[in-house]
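Next up: a single chain in structure tokens, the form predicted alone.
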């Protein structure tokens, strides 16, 4: 348990703790298209390590999303390796493999990597690996590390950690919001996490252009007879309203809300002609298994992949992968026990 009453998970990996205690510089690394879990985790641990006198650098080969710029230290995130020493330790958060961080971090040798993650199928790609696949968010693992290092959970750290929970549980709507998740959230609020600010920024603030794109995307949605609700966001649509991929946060969740939907799929066209796929499940079908067929990954209920164009090819591959997984689950449900 952290010194100010926030429950930790009894983390005891001596090698990982020794790494954080003995090394002097740490680079917090986020994956491409960052979300609240990856940024909240990196900023929380960075704040704790700085309190221990460590040199901390936050690296992201992307812009910090507007709705996450309220997080403490988010203004210190950099897109270069300026100031990074040759013996720095790179901490990768919320990634099942190193490639998820993008090309900018592909050069980092495994012997300098700490891998902290909660994804199924994590490849244990670091010298130090701390993976708990059953946890609701990577932030829970970060809390365990901070507690094991004997650092207090300050209001700033608490806000970062609560952001990870709220982000990866869909504001506690998803099934991964178990009783212990709710108790942890309450403890973080008790020590100063700003719940109202987090929920306002993550779920109650959307740009006008984003709202217009959402409306068009829902209007173009297709509901199949077998329970797949899908839609596509083209570059032309984004350009029409001056929107970006950042404005598409949780559009796939709006597709999933359709009453007959079992699996929601959103294909977003990238400038390079590829399509970023987001998948969401109501819980019966494993969309992570479908995403893996497309060289992607994620969680049982939320997953994604990147597919090459043109659109008809990307869409047909998406539907085929989802239907293969649906058929396998239906067959398993019907099999005699």
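Positions refer to the first chain, counted from 1. Just so you know, these numbers come straight off a predicted model, no measurement behind them.
What follows is about the form predicted together with a small molecule, which we do not show.
The single contact residue among 60, 68, 48, 305, judged by any heavy atom lying within 4.5 Å of the small molecule in the model of the complex, is 305. For the candidate set 216, 245, 119, 127, a heavy atom within 4.5 Å of the small molecule in the model of the complex is found for exactly one residue, namely 119. Put simply, residue 54 is far from the small molecule in the model of the complex: not one heavy atom of it is within 4.5 Å. The closest non-hydrogen atom of residue 36 lies beyond 4.5 Å of the small molecule in the model of the complex. Among heavy atoms of residue 286, none comes within 4.5 Å of the small molecule in the model of the complex. Within 4.5 Å of any heavy atom of the small molecule in the model of the complex lies no heavy atom of residue 282.
With the partner omitted here, the stretch from 291-299, 38-46, 308-316, 60-68 that lies within 4.5 Å of the small molecule by heavy atoms in the model of the complex is 291-299.
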